[in-house]
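What follows is one chain in structure tokens, specifically the form predicted alone.
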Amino acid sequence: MSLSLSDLKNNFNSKLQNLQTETQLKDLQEEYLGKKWLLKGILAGIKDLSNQEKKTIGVESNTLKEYILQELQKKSAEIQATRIQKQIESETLDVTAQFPSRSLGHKHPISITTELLEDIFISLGFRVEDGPQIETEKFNFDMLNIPDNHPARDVWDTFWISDDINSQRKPGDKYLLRTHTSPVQVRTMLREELPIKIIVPGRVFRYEQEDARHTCNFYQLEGLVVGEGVTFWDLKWTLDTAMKSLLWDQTKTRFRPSIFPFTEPSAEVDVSCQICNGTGKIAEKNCSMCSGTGWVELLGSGMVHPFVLEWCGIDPEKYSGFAFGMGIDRIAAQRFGVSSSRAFYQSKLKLNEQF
């Protein structure tokens, strides 16, 4: 009987070594420990043995059964570990492997310029704000000292939302595509405590006759500073520093008196044209970017109008501020030497692939 148990164990070990899958393991377990397990046939003849032999065979049988269970568990863990290792090896990514390069695209020059401007103004203590591109008449015009009968409305001829939407709305509540990012300045003054020092980059819309410097859809960056003791000199220093940081130290700036409804006093800010190096000529012809003057108007600026401060709940007797706005498209053209800002919207890969 002991010999039979020994043979059973050897046969089990032999079959166990050749197993490769969980299915084969289950079959072996059923063969030795299932309803018709092999050990059962051996134990059936135990009744013919002496009492002493019965005790010996009983102990050896239980020991063999425990051995088979343990070996089956070890083999199951081994098979599973092997399977996981093969899966890991098959899914491993060799980060040093060489792959054919693909064109993954790149940032548009307007995006590059926007980020450059943001970095410059953040270094000067500004923070970036954002707002909706669809605005109400109140925030886009009225709160900026541009009432319905103001002549500046003609200059800012713009895109109004369809009559079906605006026909039921009162003046001031009508929707339009914003003509500038100035409404974000108003929203910030109404919402936050002083002092305020922000820039507002974003997309704006105007009904423009397109040329080398004008498009009906363009990107603008505006800035606002409000606090105690803010002067026009602070405005001039800020813009001169920003333009020299963006367009290099040799860039010149000039301020010309102008009129804006929401600033007083106001000034247009020109920079020396980067396309023609301020000469106004390219190959003995007038530069199309600066119209032969050597200067390009890049910014409008001025001290925030007292009416605007007052409407936003700010005491103009105690506080003052300055604001400015610039076309990112024109600045990108100056920065990268592109003769027309319209080129940025014409899907010309030969242009955009340079950046």
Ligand code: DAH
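Keep in mind that what you see is a predicted model, and the values were worked out from it rather than measured. Residues carry their position along the shown sequence, with the first being 1.
Only in words, not in the display: the form predicted in complex with 3,4-dihydroxyphenylalanine, which the text now covers.
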- Just one stretch in 110 to 118, 195 to 203, 261 to 269, 75 to 83 has heavy atoms within 4.5 Å of 3,4-dihydroxyphenylalanine in the predicted bound form, so which one is it? 261 to 269
- Name the single residue among A323, I328, I314, V296 that comes within 4.5 Å of 3,4-dihydroxyphenylalanine in the predicted bound form, judging by heavy atoms. A323
- Message: Does any part of H180 reach within 4.5 Å of 3,4-dihydroxyphenylalanine in the predicted bound form? Heavy atoms only, please.
- Response: yes
- Message: Even though the partner isn't displayed, in the predicted bound form is E222 close enough to 3,4-dihydroxyphenylalanine, meaning a heavy atom within 4.5 Å?
- Response: yes
- Message: Just to make sure I understand: among 291 to 305, which residues lie within 4.5 Å of 3,4-dihydroxyphenylalanine in the predicted bound form, judging by heavy atoms?
- Response: G300, S301, G302
